[in-house]
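Next up is one chain by itself, shown in structure tokens, the form predicted on its own.
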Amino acid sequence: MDTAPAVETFERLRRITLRRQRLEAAVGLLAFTVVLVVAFQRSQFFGAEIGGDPLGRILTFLDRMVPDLRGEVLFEGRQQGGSLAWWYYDLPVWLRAGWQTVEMAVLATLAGAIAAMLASFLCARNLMPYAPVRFAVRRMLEVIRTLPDLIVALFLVAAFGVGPLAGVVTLALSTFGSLGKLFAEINEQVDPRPLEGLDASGAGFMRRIRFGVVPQVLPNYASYALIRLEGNVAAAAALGIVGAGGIGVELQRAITYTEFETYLAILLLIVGMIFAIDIASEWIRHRLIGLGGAR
């Protein structure tokens, strides 16, 4: 049997498909390049109004942030210029503000995660049979997710005054909106067999949740909540710039008085806090996942 015509037809179709794919890739790359160039032009990144050397400006700013430390006096007292104590001249205040930032993040994450867990049971298709309830809860979560944290914090600072309360409420709302969706998706992926067994025994809604869902989803809940905690530490520091408490208030003060070296000192302190939270969260997540697997 002669297979040459079939092979030729296959090769011809393959070449046509490859040419079409390459053409689509080239057109997509060209369109992306045009959008990128227009975005750079409209953002005035290379505009004459702010200078034509953005990388040079960034390097100049970074150079201003680096302190003039000297090895021979590095561990001298606060009054000695060029020492670490001179650079971190207000370290006790910054540490207290940093601890307040961590407290804000922990409290907001806990409150937001609990609210998200309760909402997720109401908008999961396999748990809530009433479509209007699922629709209303999901739309509420979407509305909350669209609210920018800084804008919400500004409104709450105007309502409650300068302090950590505005930051905690802002972060709790943001955590509620994001984790509510993730938790609902986790709920919809649970093994249905325990739920079917509970239905057969006449269990109500709360017992289905308590014995059929929570044991399966709790490790994933904790994992997502801990990841959110890491982000909330950084977000709490940023919200402090608008008066919502925490170490961001100290950062805002340094920005106001153009203390470039203090920028870097506080930023490094924030990075250290996030590293510590990340290490602790990773340990807790591994413990929870291990316990969940053992059970």
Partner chain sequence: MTPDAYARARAAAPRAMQPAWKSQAVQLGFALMAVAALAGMAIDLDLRGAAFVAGLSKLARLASTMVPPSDGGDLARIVRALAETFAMAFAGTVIAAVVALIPGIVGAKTVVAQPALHFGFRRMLDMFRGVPALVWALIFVAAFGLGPFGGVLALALADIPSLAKLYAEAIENCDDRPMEGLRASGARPLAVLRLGLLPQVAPIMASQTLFFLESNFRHAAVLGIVGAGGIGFELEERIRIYAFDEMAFIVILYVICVAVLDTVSQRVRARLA
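Numbering follows the first chain given and starts at 1. Here the structure is a predicted model, which is why all the values come from computation and not from measurement.
Same protein, other form: the form predicted together with the partner chain, not shown, and the subject of what follows.
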**Study point:** Segment that reaches the partner chain in the model of the complex - one of 83-91, 117-125, 156-164, 131-139, heavy atoms within 4.5 Å
**Key:** 156-164
**Study point:** Partner proximity in the model of the complex: residue 255 to the partner chain, non-hydrogen atom cutoff 4.5 Å
**Key:** yes
**Study point:** residue 274: touches the partner chain in the model of the complex, heavy atom cutoff 4.5 angstroms
**Key:** yes
Practice item. Considering only heavy atoms, tell me if residue 70 and the partner chain come within 4.5 Å of each other in the model of the complex. Key: no
Check your understanding: Contact between residue 99 and the partner chain in the model of the complex at 4.5 Å, heavy atoms?
Key -> yes
Review point. Which residues from 58-86 come close to the partner chain in the model of the complex, meaning a heavy atom within 4.5 Å?
Key: 58, 61, 65
